[in-house]
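For reference, the chain that follows is the form predicted alone, supplied as structure tokens.
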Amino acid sequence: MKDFTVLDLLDLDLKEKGVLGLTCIGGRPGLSRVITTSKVNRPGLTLSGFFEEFSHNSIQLFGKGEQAYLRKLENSNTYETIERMFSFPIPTCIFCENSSPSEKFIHIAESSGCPILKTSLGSGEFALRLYQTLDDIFSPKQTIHGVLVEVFGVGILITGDSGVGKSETALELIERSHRLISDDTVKLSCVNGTFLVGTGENEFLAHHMEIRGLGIINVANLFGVRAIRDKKRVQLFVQLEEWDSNKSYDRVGGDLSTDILGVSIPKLEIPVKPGRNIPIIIETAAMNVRLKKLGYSSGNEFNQNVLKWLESESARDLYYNNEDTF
């Protein structure tokens, strides 16, 4: 990933509830400073003179509390801790509630090359939005050749060799009122090291599909906006492959999984051959995923019922074969 600067943060095109509302009020030459972490620091302790464990490489966020303490320092003409704070390579300071620091504070910041930003948002709401934005920017990413669809609310990543029928399968699912996130290439991001979110590699091309013999189609134009969405959590990995009569395929619902960016995702290997309705199989798999979330496993129940049946048969045979019974 290329360096992410303070200027990049200002230029982010965020939508709706993700808007940060940032403007630069000082230190413009420092907008090229690189942000290296998704962490955000509230510098209250730092302003009081406690510099141990000072997270200087983080964005410094000034809420009402920090601003009130800053005014107290300025009213007493005490700038030593402020000057010491800016002796560290701070990426930027952000003031909330549409507040601005004093000219003296801005002068000290500009002397160190640190840009000063402000937002109209409160510190709590802004911190939440900033964390989400930075987590998305700094999260590990990987691009996979495949198709990402949402089926019954479950994000399913369909992969397989070229020509195996990934796009055709996705097209049938869209026809059956499911939704497309991206065709051909899917960009995966690991969020908090716990789950994967998939989007299109290119937002302008993600909702187009290439169907051999038909060409390029625009899913949103053909099926309407109900048939698309921008991103989705990946909850199932489906690998399509040509039927191999020599291969033993899972028949009772095993626990296959695949590891992507350190996250384990349930995996299904679905053999493709004429006569198999792959979209219906994927729909059933999606419903099965939802059942497992509720604590129900068809495979486990089947195994338990088989064991109960075997135990009952064995007990019956033992009873009838025992000469002392009659």
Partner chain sequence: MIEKIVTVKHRAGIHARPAALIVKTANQFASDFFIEKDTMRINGKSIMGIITLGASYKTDLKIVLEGDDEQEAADAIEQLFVNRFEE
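Positions refer to the first chain, counted from 1. Only a predicted model underlies this, so the values are computations on that prediction, with no experimental measurement involved.
Omitted from view is the form predicted together with its partner chain, to which the following refers.
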{"item": "Of 202, 192, 111, 77, the one that lies within 4.5 Å of its partner chain in the predicted bound form (heavy atoms)", "value": "202"}
{"item": "Contact residue in the predicted bound form, from 226, 145, 72, 247 (heavy atom within 4.5 Å of its partner chain)", "value": "145"}
{"item": "Heavy atom of residue 184 within 4.5 Å of its partner chain in the predicted bound form", "value": "yes"}
{"item": "Heavy atom of residue 210 within 4.5 Å of its partner chain in the predicted bound form", "value": "yes"}
{"item": "Heavy atom of residue 87 within 4.5 Å of its partner chain in the predicted bound form", "value": "no"}
{"item": "Contact flag, residue 221 vs its partner chain in the predicted bound form, heavy atom cut 4.5 Å", "value": "no"}
{"item": "Interface stretch in the predicted bound form with its partner chain - options 169-177, 202-210, 131-139, 97-105, non-hydrogen atom within 4.5 Å", "value": "202-210"}
{"item": "Stretch 214-242 - residues with a heavy atom within 4.5 Å of its partner chain in the predicted bound form", "value": "216"}
